[in-house]
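Below sits a lone chain in structure tokens, taken as the form predicted on its own.
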Amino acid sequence: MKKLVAVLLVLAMTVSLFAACNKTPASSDATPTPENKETSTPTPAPKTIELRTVSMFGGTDPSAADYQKLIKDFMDANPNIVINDESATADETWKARVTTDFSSGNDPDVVFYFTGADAKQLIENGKVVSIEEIRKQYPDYAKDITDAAMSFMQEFDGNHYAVPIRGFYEGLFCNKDLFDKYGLELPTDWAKLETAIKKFKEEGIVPIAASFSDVPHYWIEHLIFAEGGYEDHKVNPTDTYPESWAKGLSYFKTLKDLGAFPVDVNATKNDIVTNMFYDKKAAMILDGSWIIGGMKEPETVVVLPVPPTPGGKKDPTSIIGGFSSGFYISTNAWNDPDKRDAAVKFVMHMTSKNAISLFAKVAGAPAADVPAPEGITEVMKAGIAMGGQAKEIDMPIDSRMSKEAWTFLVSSIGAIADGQLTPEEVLTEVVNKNK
């Protein structure tokens, strides 16, 4: 009996000790020790994602400051995304750099670039992803863009790739105060244009601010338009070229011989001549609606269609305009799991109604349904009126011509103006390169 009691006591003590060893102390009175201290895994910081972006909102572009503000706002709202922006003026050198980057494997993640012929090589080489593909995963992508604006974005394969922000028009901007000062009529026809050129040259004022070294394409398309009219202008010369193209380009020499351009027109840069116009050192400039944002005295500036040449077929009201650029997401960024969402977020931020309202302050039709900009200037009113009165509106020639052919044409303008090459010689080679 004593042995049984002893065994029971031993068992009771063992159970008591086992229970004590396995008891979890209450949080209120337990002192953590290395053995019983609770541990938790800290939440890791979001992975930093870098996006390389390229755009034409640099240099003297009037939207440059707004674009940088939008980038800052985006990074503030997305602190784990770093935007490495490489914006610059959209001249031929810039366009060549963009295509070189893509062809050499240095693809930007997001690029604001032109559509049409400029984009064809990127699309054919699978360098950019279509909006249709993006919307399979992000149905709200580009949701604020109007159907009318998006219709200009359709490419040769039926898909859309670029998300537009604003449309544009091109026209002959005139410092009206200079015309008034010298008693000149605005150049609503060719005779008045030549009269103004001669008078301003006599007075030591550059009649027409222009650069043939990097941005002469406005005059290329407008002289062809002025001579050949809408039907000839919209031709894409793959087999031959209309005679009106050669006649139109011949006016480069006519205008230069009149003293219309800066004496160093073959060497000067577009930024320089643009500031020349802003500073009233030049009376006229042929440019797009985006030039308005940088004007120092917009109330003294008007914009007109380029008049028809003598005997030209162009309707006096017809202009060049439309939507011809937008934001692309590169295929490399789309295929990168880390960058895909960041790139989509960035483009949606840049193409939101709020962003488009900022871009629309400059001029041109907004790509989304947003209120009209407040405090609209006289030159902006003139631009709106010009667009509303236009009998025909056509896209620029370079939107349909091959990159090689267009680059050759641009590079030949100085030689045509100097009489070193004939328009026929240049256009024959343009057709060969445009096949």
Partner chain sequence: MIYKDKKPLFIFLTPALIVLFIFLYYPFFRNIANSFLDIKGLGALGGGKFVGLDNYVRMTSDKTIGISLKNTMFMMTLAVVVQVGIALILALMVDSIRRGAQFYRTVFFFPVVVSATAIGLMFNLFYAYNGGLFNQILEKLGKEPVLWLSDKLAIYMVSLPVIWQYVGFYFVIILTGLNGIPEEIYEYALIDGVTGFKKTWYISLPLIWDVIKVCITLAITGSLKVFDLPWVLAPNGAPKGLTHFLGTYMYFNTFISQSVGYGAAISVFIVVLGLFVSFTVNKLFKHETIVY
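Numbering follows the first chain given and starts at 1. This one's a predicted model, so the numbers in the text were calculated from it and none came from an experiment.
Absent from the display: the form predicted in complex with the partner chain. The rest refers to it.
Student: Is it true that Glu170, Asp315 and Ile320, all three, sit within 4.5 Å of the partner chain in the predicted complex, judged by heavy atoms?
Tutor: No: none of Glu170, Asp315 and Ile320 comes within 4.5 Å of the partner chain in the predicted complex.
Student: Here the chain is shown alone; which of Ala96, Ala148, Ala191, Ala77 has a heavy atom within 4.5 Å of the partner chain in the predicted complex?
Tutor: Result of the distance check: Ala96.
Student: Can you pick out, from Glu378, Glu392, Asp66, Glu404, the residue that has a heavy atom within 4.5 Å of the partner chain in the predicted complex?
Tutor: Filtering the options by heavy-atom distance leaves Glu404.
Student: Please determine whether Asn266 contacts the partner chain in the predicted complex, using a 4.5 Å cut-off between heavy atoms.
Tutor: Contact check for Asn266: yes, within 4.5 Å of the partner chain in the predicted complex.
Student: Should Thr240 be counted as a contact of the partner chain in the predicted complex, where contact means heavy atoms within 4.5 Å?
Tutor: Close contact is absent here: in the predicted complex, Thr240 is far from the partner chain, nothing within 4.5 Å, heavy atoms only.
Student: Within a 4.5 Å heavy atom cut-off, is Ser213 in contact with the partner chain in the predicted complex?
Tutor: Ser213: yes, in contact with the partner chain in the predicted complex.
Student: According to a 4.5 angstroms non-hydrogen atom cut-off, is Gln137 in contact with the partner chain in the predicted complex?
Tutor: Taking the distances in the predicted complex, the answer for Gln137 is no, it never comes within 4.5 Å of the partner chain.
Student: Exactly one stretch in 96-104, 329-337, 170-178, 183-191 has heavy atoms within 4.5 Å of the partner chain in the predicted complex; which is it?
Tutor: Comparing against the partner chain in the predicted complex, the contact stretch is 96-104.
Student: Can you list, in sequence order, the residues from 273-295 that come within 4.5 Å of the partner chain in the predicted complex, counting heavy atoms only?
Tutor: Stretch hits: a single one, Met276.
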